[in-house]
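Consider the single chain below, provided in structure tokens and representing the form predicted on its own.
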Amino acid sequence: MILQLSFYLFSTVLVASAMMVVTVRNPVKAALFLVLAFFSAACIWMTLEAEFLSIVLILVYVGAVMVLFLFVVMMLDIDIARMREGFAKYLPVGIIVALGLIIELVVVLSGKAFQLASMPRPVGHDADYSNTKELGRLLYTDYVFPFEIAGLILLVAIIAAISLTLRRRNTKYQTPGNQVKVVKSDRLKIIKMKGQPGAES
């Protein structure tokens, strides 16, 4: 009974905070509501005995990614009034897309595959059960090929991001080899000037 109440409580907070992320106008508040959504999802995973995934979600997304998002949002000078100008222009398209997503979700979730009989709650485990050990065993045995493909895709994404940042643009580049070879005469030039009569010494 307590698990069901906690599930409905965290689910309500999760859905409400996700809606606030989309509807709120202030980007800083939207990022804070996204932190609340991540925390609620972590609490739901904790009730399902997925402690490792819950802690990773809090440490990685709430502790690192969202802090970076907040830093970028607060450092950028975002014109809120300019952002609101195109809201009414794209509102009909947004409503059509939202209705399409809602219809798809209703069709998928109303099937037999998502009923409680086909997806029962996981049974409880003993105190010596290791969630991290079981997750690692599944990743490196049954799902090792998809895991390697995901790692390869992330590697390609990292290489592509680095390649895009190193494109030749109107920026100045430094060559460390040339900087090391610099001597004092290349940087410093002493000019002797004659003293002005009547100048204070």
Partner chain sequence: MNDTIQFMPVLPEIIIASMACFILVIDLYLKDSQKMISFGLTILTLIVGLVFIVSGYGQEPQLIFNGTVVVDQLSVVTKFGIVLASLLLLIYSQQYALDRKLFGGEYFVLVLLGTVGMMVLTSSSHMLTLYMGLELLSLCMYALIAMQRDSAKASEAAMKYFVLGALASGILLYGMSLFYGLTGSLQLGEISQSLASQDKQSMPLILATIFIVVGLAFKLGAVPFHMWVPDVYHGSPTSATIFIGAAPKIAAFAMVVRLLVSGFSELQIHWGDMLSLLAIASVAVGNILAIAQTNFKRMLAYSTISHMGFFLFGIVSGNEHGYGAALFYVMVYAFMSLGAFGLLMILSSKGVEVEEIEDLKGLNQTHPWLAFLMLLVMFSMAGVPPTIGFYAKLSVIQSLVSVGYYQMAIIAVLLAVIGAYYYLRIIKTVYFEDADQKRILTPQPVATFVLSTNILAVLWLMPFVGVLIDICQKAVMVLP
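What you see is a predicted model, and the numbers here were worked out from it, not measured in a lab. The term rigid core refers to the maximal set of C-alpha atoms that superpose within 1.5 Å between the two forms. Residue numbers count along the first chain shown, from 1.
Keep in mind that the form predicted in complex with the partner chain is not shown, yet the notes after this line are about it.
- Only one of 27-35, 140-148, 56-64, 41-49 lies within 4.5 Å of the partner chain in the model of the complex by heavy atoms, and it is 140-148.
- Heavy atoms of residue 174 never reach within 4.5 Å of the partner chain in the model of the complex, leaving it off the interface.
- Contact check for residue 155: a heavy atom falls within 4.5 Å of the partner chain in the model of the complex.
- At the 4.5 Å threshold, heavy atoms of residue 68 stay clear of the partner chain in the model of the complex, well away from it.
- With the core held fixed, the Cα of residue 139 is displaced between this form and the one not shown by 2 Å or more.
- Residue 68 is not among the residues whose C-alpha shifts by 2 Å or more between this form and the one not shown once the rigid core is aligned; its shift stays under 2 Å.
- In the core-superposed comparison between this form and the one not shown, residue 59 has its Cα shifted by less than 2 Å.
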